[in-house]
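The chain below stands alone and is given as structure tokens, in the form predicted on its own.
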Amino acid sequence: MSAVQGLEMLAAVRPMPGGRVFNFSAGPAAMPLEVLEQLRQDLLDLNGSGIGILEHSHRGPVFDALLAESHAAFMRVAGAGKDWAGLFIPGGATLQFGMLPMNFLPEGGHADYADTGLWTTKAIADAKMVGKVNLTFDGKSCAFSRTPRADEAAPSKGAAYHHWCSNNTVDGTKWSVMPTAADGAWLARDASSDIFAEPLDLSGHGFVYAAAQKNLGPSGMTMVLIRRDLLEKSCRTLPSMLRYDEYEKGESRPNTPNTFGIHVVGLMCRWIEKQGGVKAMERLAAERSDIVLKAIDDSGGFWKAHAERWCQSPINVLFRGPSAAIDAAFVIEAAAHGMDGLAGHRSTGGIRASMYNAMPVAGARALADFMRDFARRRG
């Protein structure tokens, strides 16, 4: 999309009463209104300190308390015990594509990777700059329309770890069965788009990471869960900003951290708890996606889903109409009806409805109703 097209689409967006729209963007994504209102207050005065969150020293007592609260909330929602360290790391999930193998892919060794979409393809490319990679699944052969079945993606002997991305935002697919790691190895999960949209299963894992801008708020932040026994096992001598143990020793402050982002993650985690926790988030994700998928099924073939249904993501629903021109018209008309961010990724086209934790069920209903109306008028 060109800058001019983007401005034209923005001009077409018709806000709902109250000035808000249903934001279906894949990230940065929708956030709860109550969290945004709290942030608006905290920008001016954090916890009655007379100083806003953007102004507080990262070493001062006010931020010390905030950091502890945000960390504790994240670990509670993750269900991670004392065997796990939770780290706030800058750079987004993409930094982890290189940081993970730099720490744990030894010289002469190899790691297993399942390629299920754009972001795993990028992770594999970065890992190959560090060492050898064995593909346990190559989704390019099916245009990334599905994830591996239970009998696929077998680990290879001697692999250091097995990397997988549990939910693929670009193609709208999700693993139906968690992969396994080789004997003596562990799983490394990219949970960027489904972190806390379901209970977090840490079994078999040594490492989980997630960009924050889907379910936890701010872009540029990454949450990392790492087993404590791995913290001291980096296979290379690396600069401090690339070592996980340095983040743990410094309480995620090896340098001046993203203080605002850390605060937002804490607020988002406490909001999730207030809604009923990750099980409630999982139920809502299923309800929203079922509403949109039914609109696809009811269209008589006008709408077609990209992903095979058995591995359909409950968070990112990718679909398309009879032509690219129809898809473009739908996105523009939807914006005029208070639904923004529906254009598919530039690599796939089509239409993508990203429905993260903060998306109300009413948003899914509004989209489904408009899909039916549009198909009736254009079919």
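Numbers for residues come from their place in the sequence shown, where the first is 1. These numbers were taken from a predicted model, which means no experiment stands behind them.
Beyond what is shown, the protein has a form predicted together with a small molecule; the following relates to that form.
The stretch among 295-303, 153-161, 128-136, 166-174 whose residues place heavy atoms within 4.5 Å of the small molecule in the predicted complex is 166-174. Put simply, D190 is close to the small molecule in the predicted complex: some heavy atom of it is within 4.5 Å. Remark: F97 counts among the residues lining the small molecule in the predicted complex, judged by a heavy atom distance of 4.5 Å or less.
The closest heavy atom approach of A211 to the small molecule in the predicted complex falls within 4.5 Å. In the predicted complex, no heavy atom of A85 sits within 4.5 Å of the small molecule. Proximity to the small molecule in the predicted complex, defined as a heavy atom within 4.5 Å, holds among A93, L105, A285, V77 only for A93.
Checked against the small molecule in the predicted complex, the residues W271, Y247, W119, F144 give one hit for a heavy atom within 4.5 Å, which is W119.
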